[in-house]
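Presented as structure tokens, the chain that follows is alone, the form predicted alone.
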């Protein structure tokens, strides 16, 4: 697992959390986390041949560059949640390794591995829980302190095919009956994005059935009777949606608590703008979905009508007319708003016969302008 050569003569450096879990599971880890028992910033300053890139003094973390790689090293620390649902406050830098791991979310993420010896340190039973595919919180106040852990549990359940143990599930369900909405929705959005970008029907089903959606909206939500995962997988290569998570989340309707980007808002606003339009013809369908994000089209299919959405993706989206304004001018037609009407007439014809050539289009234009 060693990624860089750090001179830890005091034997206080440990791999921690997800990187240890993933190694045990035989999976590639997204992040490499190192923890130093003591002050990681002071430790980094003693290292030779490295560059210190960034220091976060309040949290005792430091980013270094060694052997061409960037690595974050955290000090062991104790934390308290002065405001449940928000970032914790650090109360001690340089605590014991055991105190450090006890502030984490689940037992499977509380494992440490000695950087020098490779010894696995397990204070919470994480190894056994990995074997039994169990997600277990470290204390009864875990979800109260950080409700995003409920979404993280869903994410890990999907990634590793794990399940919450009965006690943790009860703690989750109890919290969802009495949610404190004074929380960091920026963190909620981050966890939702990571979870649903996995494109998992299991995640969606549990999100709705267990009431996890209540972290986002106080309105009642019913599960859509469609396999969203299969739908996305079927058409991903044709339309390449980049915000898969938003396709799932759009099904709950009210996302007002989340801070959406301009692009994310447009995806949802475009759906609102077309959801009540009657799509009786291929031309109606083309005009409704033209220049819309692929997410908008799939959201329409899930929430409104799948048939025109699929028709557009499979048959209509690549239809383009070849005739231009310059061609009309060559026919002696002066520029005017009628250009657009003419182009729409040609486009409508091409929706029914995609094999029309440019010469065919010019003939339609001549007929339209009575030339």
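On a predicted model such as this, the values are computed, not experimentally measured, just so you know. Numbering follows the first chain given and starts at 1.
This next part talks about the form predicted in complex with a small molecule, which is not shown.
- This chain appears without its partner; in the predicted bound form, the one residue of 285, 148, 124, 195 with a heavy atom within 4.5 Å of the small molecule is 148.
- Comment: the small molecule is not present in this chain, but in the predicted bound form one of 257, 292, 98, 159 has a heavy atom within 4.5 Å of it, namely 159.
- Although the partner is absent here, residue 152 is a contact residue: one of its heavy atoms lies within 4.5 angstroms of the small molecule in the predicted bound form.
- Shown alone here, residue 109 lies within 4.5 Å of the small molecule in the predicted bound form, counting heavy atoms only.
- Proximity of residue 31 to the small molecule in the predicted bound form: non-hydrogen atoms within 4.5 Å are present.
- None of the heavy atoms of residue 186 is located within 4.5 Å of the small molecule in the predicted bound form.
- Comment: 99-107 is the region of 172-180, 99-107, 207-215, 244-252 lying near the small molecule in the predicted bound form, near meaning a non-hydrogen atom within 4.5 Å.
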